[in-house]
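One chain follows as structure tokens, the form predicted alone.
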Amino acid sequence: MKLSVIGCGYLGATHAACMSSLGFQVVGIDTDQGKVDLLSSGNLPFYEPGLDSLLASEIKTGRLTFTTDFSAAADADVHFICVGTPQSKEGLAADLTFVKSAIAAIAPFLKDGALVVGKSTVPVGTAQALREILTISAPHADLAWNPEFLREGFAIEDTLRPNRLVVGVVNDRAENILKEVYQPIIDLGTPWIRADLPTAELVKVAANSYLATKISFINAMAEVCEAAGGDVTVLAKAIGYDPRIGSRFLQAGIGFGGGCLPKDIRAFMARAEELGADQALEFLREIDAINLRARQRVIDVVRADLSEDLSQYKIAILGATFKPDSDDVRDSPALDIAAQLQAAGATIVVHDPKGIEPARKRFPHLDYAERVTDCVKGADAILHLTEWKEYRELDPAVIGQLVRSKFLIDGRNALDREKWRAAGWRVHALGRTD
């Protein structure tokens, strides 16, 4: 079979390169000529460990090509829709403009028996609505939904060795086609879950909502621990041994960000309200509020230690991306904190191993440093806000010679507190009072 991938951003470029590595002929289609040119040359417009070399090698095989011409997909058997669904500017709901445009653009080129497969995260009911559109614009084609579960930093692994494959279909033929596509992955023992269209759509947002709940739960416990004099890291370790709970996503800090969790739980709430089931997801409003409050707590600690008036202070921010091993700064808690501190009058300098340029585009008013030493020089406080390995390996004695005041806030509970304290630093870790 020949495959097409519509939308060549993070999800689409990853999926295209990985499907090519399985031996398929793959054409990636995107309306952004600059992005297409970059991908065609074997280069990525974003950072993802290992994907650059995989992309380059697949381009060389000739199996993988990129174009802006939708007619290039005319002979493809399966078409994966991998476009973005950002939060609407008018409210919490997802903006489906790109999904609808992708379907409209590919419909004239769908051959008999073609299968359109949505991978984008969409509100429940979207797939059926799109399928009904296709019955008019391309009645000879079919539609299924196959949600993605990529973790930034592990995108190749999550595509080629996922912990499950979920397919929403309305007939056996669509399922059989997808089984043929994914057979090498199924052969690895990957669980295969057939669902109807609504359930397949709900799986992704339900999973993200659960993860968001777990992260916000431990951050709520961090607030209680600080008030009561407890240690949230010990608490997390203790409850994590319970197999009903598990230890994953129980690291207290400044909360979640990125292009998925925040907008997905908000879109889920909006869709539930449309369906008359808003009370069922009312708890997600508090999850969102706890997450945003975790950012504010860092600012409160800074002001409590330095001054309400921050105009005379320099603060070094270690980390701009919402997580390590990525250059994604969408809804980054680190940059949100940096921007708020700057608005409060502080002089802010930000460092990140991979995210400086994306951060500069979104927050051009902030100052950035290419080297950690330049970032911390003369600082009155250092805020560790993204848990890059590079920051865990810093020598606190060396850093201590560069700053004006040895004050560190570990917003991720990832640094060795005793090591920093032994070098004369005052360390505040969220949820820990000792």
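Bear in mind the structure is a predicted one, so any value in this text is a computation, not a measurement. So that there is no doubt, residue numbering starts at 1 and follows the sequence shown.
Keep in mind the form predicted together with ligand UDX is missing from the figure; the text below concerns it.
(request) Consider the chain as shown here, without its partner, and state which of 358, 353, 123, 257 has a heavy atom within 4.5 Å of ligand UDX in the predicted bound form. (result) None of the others qualify; the residue that does is 257.
(message) Just to confirm, with a 4.5 Å cut-off on non-hydrogen atoms, which of 215, 96, 78, 270 contacts ligand UDX in the predicted bound form?
(response) Only one listed residue qualifies here, and that residue is 215.
(request) Check whether residue 119 has any heavy atom within 4.5 Å of a heavy atom of ligand UDX in the predicted bound form, and answer yes or no. (result) Taking the distances in the predicted bound form, the answer for residue 119 is no, it never comes within 4.5 Å of ligand UDX.
(request) Consider residue 325 of the chain shown here, and say whether it contacts ligand UDX in the predicted bound form, taking contact as heavy atoms within 4.5 Å. (result) Close contact is absent here: in the predicted bound form, residue 325 is far from ligand UDX, nothing within 4.5 Å, heavy atoms only.
(request) Indicate whether residue 204 is a 4.5 Å heavy atom neighbour of ligand UDX in the predicted bound form. (result) Residue-level check for residue 204: yes, a contact with ligand UDX.
(request) Examine residue 192 and determine whether its closest non-hydrogen atom to ligand UDX in the predicted bound form is within 4.5 angstroms. (result) Residue-level check for residue 192: no, no contact with ligand UDX.
(request) Specify the contacting stretch among 151-159, 220-228, 97-105, 234-242, defined as having any heavy atom within 4.5 Å of ligand UDX in the predicted bound form. (result) Answer to the contact question: 151-159.
(request) May I ask you to list the residues of 398-412 that have any heavy atom within 4.5 angstroms of ligand UDX in the predicted bound form, in sequence order? (result) Heavy-atom contacts within 4.5 Å come from 412 alone.
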